Structure formats: C-alpha cells, structure tokens
Ligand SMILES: Nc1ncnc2c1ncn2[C@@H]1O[C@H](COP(=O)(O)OP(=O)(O)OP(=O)(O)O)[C@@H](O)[C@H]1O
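To begin, one chain is listed below as structure tokens, in the form predicted on its own.
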Amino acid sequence: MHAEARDLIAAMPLPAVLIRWDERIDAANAEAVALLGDGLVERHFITVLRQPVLLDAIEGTLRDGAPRKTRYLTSNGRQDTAFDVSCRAVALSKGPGVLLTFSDVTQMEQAGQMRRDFVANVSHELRTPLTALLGFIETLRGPAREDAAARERFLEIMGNEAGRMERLVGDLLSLSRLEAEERVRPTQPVDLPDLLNSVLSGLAPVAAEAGVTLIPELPEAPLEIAGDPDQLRQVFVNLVENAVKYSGKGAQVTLRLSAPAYHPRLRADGVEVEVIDTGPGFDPLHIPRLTERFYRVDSHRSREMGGTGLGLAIVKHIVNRHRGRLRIESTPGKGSTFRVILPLRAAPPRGEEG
C-alpha cells in the first residue's frame, strides 16, 4: 500500500481499518487501535472483528463491491457503546479491499431512548388522571345522576385529578423553558436572605398544617448574588415544601444560609443553602437518580401528595443555569439534606450535574 494512502487513513478523525483482498488488515489509524486493540495490521479481520453481522458485511463487500452499513457493539466496562460501521470497496494494487469507518452513535441512541422514555412517562402520568376523570363522568351521567352526596364526592376527586394534570403540564412547560435558557446565566441581583425568608413565610401555613416546625438560620444582613429571583424561589419552595410533606408530623425543617466562601467545586466564591429535615430519610442508593424526570423514591406516596415527579428535575436545571451545584445526602431514620451551592459571580462553564 502506498505511504500516501496510509497517511490518509491515519488522518481520518473516525476509527478506520483497511482490509485487503486476502482478508488481512492492511492499515488502521490510532482511533481504530484505541477501539479494537494493538497489533491489528496483518491479522485476519475475523480474529479482530468477531461480531457476525459485521463479518457478513465485510465479506459481502469483498465479494461484490457493494457498500454496506452495519452495527458494531462494544463495552468499556462501564457502559455499552454502539458504532455505525460503513463498509466501502476500494481498489488496491493487487485486488479489491474494504475500508471500514466506525461512527460512535451511543449518545444519539441514548438521547433517542430518553425521548422514548419521556413520552412513555408523560403518557403514563396523564393516563391515570384521565382514566379517573372519564370514569367519574360516566358514573355522574348514570348511577350517580340523582345522588347529590356521591356527585359532590366525585366532583371533588375530579377536581383533584384535573389539578394534578394541570401541575404536570405546568412542570413540563417549566422544564421546556429551562432547557431553552439553561446556557444563558441570569444576571439580576437577588438578595438571598430576603428571598429565603419570603419562602419560609409563604410555606408557614403548609408546615403548620403538617405539624412541621420551620427553623430559619439566615443572616440578617443582605447578601446579593446574580440570579433569576423567580427561578431561585421555585428551587427553595420545592425543596422546603418537599421536606415538609415527606418529613411527617413533629419533624423539623431547617433552612440554612452559609457565609460566602471559596468553593473548589465552583472554582469561585459562593454561598451554600441547606434544607435539612429530621424526617425518615431514604436509602442513598436513590440519590443518583433523584433528579431524573418522573423518578420517585415512593411513587404511591408522591402521587398522593400531588407530586408530578418533575420537581427535582426542575431544581437541577435551575441550579445548572445558575452555574451552581446540587448535593443530596440522606440516611434512613436520620433525615435528609439538600444542599444548593451558588456562585457569587460567573463560574466557568461546566457539564450538567446529575
């Protein structure tokens, strides 16, 4: 093979392998070596590429020269990886060959799966209240038409189910807006102690009804950060309200704001807001998935409480938009702590927190 051709394969940004007419590998670039291992050149392609669908495609292109596309699946030990493989015939000095190029489609497949899961979850969440509404409407048109007591009871349940659908649609719209704005950091000045005191005042009736004590640990002096006040309010209302709802009667919920300090994870000065409850807590194995859409530690109880399963996903997106960090800790029987770390000024761009 000419040196120019080898240089061309070496320069390809995708993993590339050239197979000769004698079914041995003639050349492979560094990306292919990283994917398939060392010592590729001069080996028979069957000993390297052992997946039947890929072997069939290579043999077919060697035989008739027709281009083919197939799939190559592998794993790095942590996750499965999928590649689209293109097989193209090339003319070599002593006979036909096949050029393979591998295109990583793992993220595309994961995104597609996430979309499918999201549609399935939304459909499931909407189907339950819709089924209930349709059933009660049918009952009110028939057996309960003249039963005033039953009619009032059914209308109350229908109102609750309709409210649940309204909250779900509202949360979905919030998520959509947040995703559109997530890369644009808000710059409006926000007095954080004032905002947090306002959150506690607004939730005081909810806490009183639940028999939960709210404990503020907030500085008296103003402390400004750059942010979106409405979104930050949404974050802390969600976290405090969840703590109140799930802690149980007699529990305490503390809202604590730390003094500004340097936070290595932010690579900037920031403040830490903690929502600490003395409730039952939960198994830490749930923590990595808590901010996933529709993920619930206790699905039945969450629905009874009117939850949509989107609250913590919204919190995560808002914290990401503010270039902050969300940390969750919990121990069964010892309560939970939700910690939000927010920068005082712009932090370097980063990947989304999970």
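Owing to the predicted nature of the structure, the values given are computational and were not obtained by experimental measurement. A residue's number is simply how far along the shown sequence it sits, counting from 1.
Although not depicted, the form predicted in complex with this ligand is the subject of the following passage.
Looking at 155-163, 255-263, 242-250, 91-99, the stretch with residues near this ligand in the predicted bound form, meaning non-hydrogen atoms within 4.5 angstroms, turns out to be 242-250. Site annotation in the predicted bound form: the residue of Val319, Leu312, Leu40, Ile58 reaching within 4.5 Å of this ligand with a heavy atom is Leu312. Contact check at 4.5 Å (heavy atoms) against this ligand in the predicted bound form: none of Val190, Gln231 and Phe236 pass. Heavy atoms of Thr308 reach within 4.5 Å of this ligand in the predicted bound form, making it an interface residue. Within this chain, Asp171 lines the site of this ligand in the predicted bound form, having a heavy atom no more than 4.5 Å away. This ligand in the predicted bound form comes within 4.5 Å of a heavy atom belonging to Phe282. When contacts are judged by a 4.5 Å heavy atom cut-off, Arg296 counts as touching this ligand in the predicted bound form.
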